[in-house]
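First, one chain by itself: the form predicted alone, in structure tokens.
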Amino acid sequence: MSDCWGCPVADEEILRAVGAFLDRGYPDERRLAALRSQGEDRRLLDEAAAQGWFGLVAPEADGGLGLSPAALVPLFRLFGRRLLTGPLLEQMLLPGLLLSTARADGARTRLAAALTGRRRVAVLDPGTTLDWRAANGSLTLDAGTLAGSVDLVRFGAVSDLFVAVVDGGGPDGASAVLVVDRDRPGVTVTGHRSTDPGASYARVTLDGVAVGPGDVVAWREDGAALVTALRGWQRVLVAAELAGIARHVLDLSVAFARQREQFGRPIGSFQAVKHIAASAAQRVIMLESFVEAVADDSATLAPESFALAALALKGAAAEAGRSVCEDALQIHGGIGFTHEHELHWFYKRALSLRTWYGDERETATETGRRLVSARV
């Protein structure tokens, strides 16, 4: 079965190439080693850079393929199915998306280095959470000085280039996106303990960090538009990864229900198990269709409409990813709750991705708020 239906031929070719690489070079033992070290597999990043993964959405003028971020959707579904970990979202999306906007040579040079893997990128965005955003921190920009902190920064402890999102924290409430080197005076990085098997986290504090025109990627109206695009595409790609996770655990469960016997019959023949599996399958298919629909429509949607669609998609993915994993645990019975079985890795990963840029309750509330505001 194809990992992506409805994909353009070029996207299918890329997907086949990446899948063949994972079949050949990413065995289960390597995946487990990365999961046990919270996604840290430096060799995988080097291999991904060498194969051009990080340049897929970068402009052709910068050595990329110039594809839409929508081309990454089938790849992230594949990553979810294979439980691929590491800063792939940051490295594959951020540099290319920002290079499409950046004009300053200083920012462009550093972002271009991320395409080759020479720089590791992390995003400082207080908006990675919704309900408890205030607790995550804030960033302000005033008179060439960047200040504040962000408590949840994926791969912050192992990155050397930060993409700082100033959402309304500039002069006169302006938004901005900047790039800041980790070794700049005033930058402090403090690692967190984490239960996410796919990512490490850190708190990044900016204490009066001096920034100049060469650090600015986008400012004011352009900055607000880039912030919207950054958050929207991260929600879409996280949703795609959750769809891949849900599909994999469903396939595992169906295969298990066919071969596991109880009272002399496969447990898949019992009505209760059939209902659980059928309900899970329905949610997986609906989520896959939703992901494809948003990706396909992204080229024609207005920015605010795309942001709204991404919010709704992320909420649906958060609920489906969690509930399908929980159904898989039920179908597997006692073995599904053991540390030796791979299900717990998928479940933990789904739980961590569920909250990234909003879970089902938070995104529903935010979607409603935006719709009401648009009508007032």
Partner chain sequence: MTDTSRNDADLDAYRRRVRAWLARADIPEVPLDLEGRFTVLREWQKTLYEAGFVGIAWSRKAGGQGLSPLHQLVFSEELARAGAPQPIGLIGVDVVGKSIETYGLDWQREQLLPRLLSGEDIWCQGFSEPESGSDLASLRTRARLEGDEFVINGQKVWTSWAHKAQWCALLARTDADAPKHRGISYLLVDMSSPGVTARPLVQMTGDDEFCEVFLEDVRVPVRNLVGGLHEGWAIAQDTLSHERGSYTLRRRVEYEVAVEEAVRDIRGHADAVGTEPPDRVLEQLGRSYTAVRALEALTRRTVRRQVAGEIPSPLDSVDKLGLNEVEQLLYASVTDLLGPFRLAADRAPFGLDGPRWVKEHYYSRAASVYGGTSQIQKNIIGERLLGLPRG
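Residue numbers count along the first chain shown, from 1. Computed from a predicted model, the values in this text were never measured in an experiment.
The form predicted in complex with its partner chain exists for this protein as well; it is not shown, and the discussion that follows is about that form.
Participant: Are all three of 11, 42 and 90 close to its partner chain in the model of the complex, meaning a heavy atom of each within 4.5 Å?
Facilitator: Checked in the model of the complex: no contact with its partner chain for any of the three.
Participant: By the heavy atom within 4.5 Å rule, which residue out of 289, 140, 262, 109 makes contact with its partner chain in the model of the complex?
Facilitator: None of the other options qualify; the answer is 289.
Participant: Note which of 308, 329, 65, 49 lies within 4.5 Å of its partner chain in the model of the complex, where distance is taken over heavy atoms; exactly one does.
Facilitator: None of the others qualify; the residue that does is 308.
Participant: Report whether the minimum heavy atom distance between residue 279 and its partner chain in the model of the complex is within 4.5 Å.
Facilitator: Residue 279: contacts its partner chain in the model of the complex.
Participant: Can you check whether residue 35 is within 4.5 Å of its partner chain in the model of the complex, heavy atom basis?
Facilitator: Close contact is absent here: in the model of the complex, residue 35 is far from its partner chain, nothing within 4.5 Å, heavy atoms only.
Participant: Might residue 18 be said to contact its partner chain in the model of the complex, defining contact as any heavy atom within 4.5 Å?
Facilitator: No, residue 18 stays farther than 4.5 Å from its partner chain in the model of the complex.
Participant: Using 4.5 Å between non-hydrogen atoms, is residue 148 touching its partner chain in the model of the complex?
Facilitator: Taking the distances in the model of the complex, the answer for residue 148 is no, it never comes within 4.5 Å of its partner chain.
Participant: Just one stretch in 280-288, 117-125, 175-183, 220-228 has heavy atoms within 4.5 Å of its partner chain in the model of the complex, so which one is it?
Facilitator: Flagged stretch: 280-288.
Participant: Suppose contact means any heavy atom within 4.5 Å; which members of 117-144 contact its partner chain in the model of the complex?
Facilitator: Result: empty, none.
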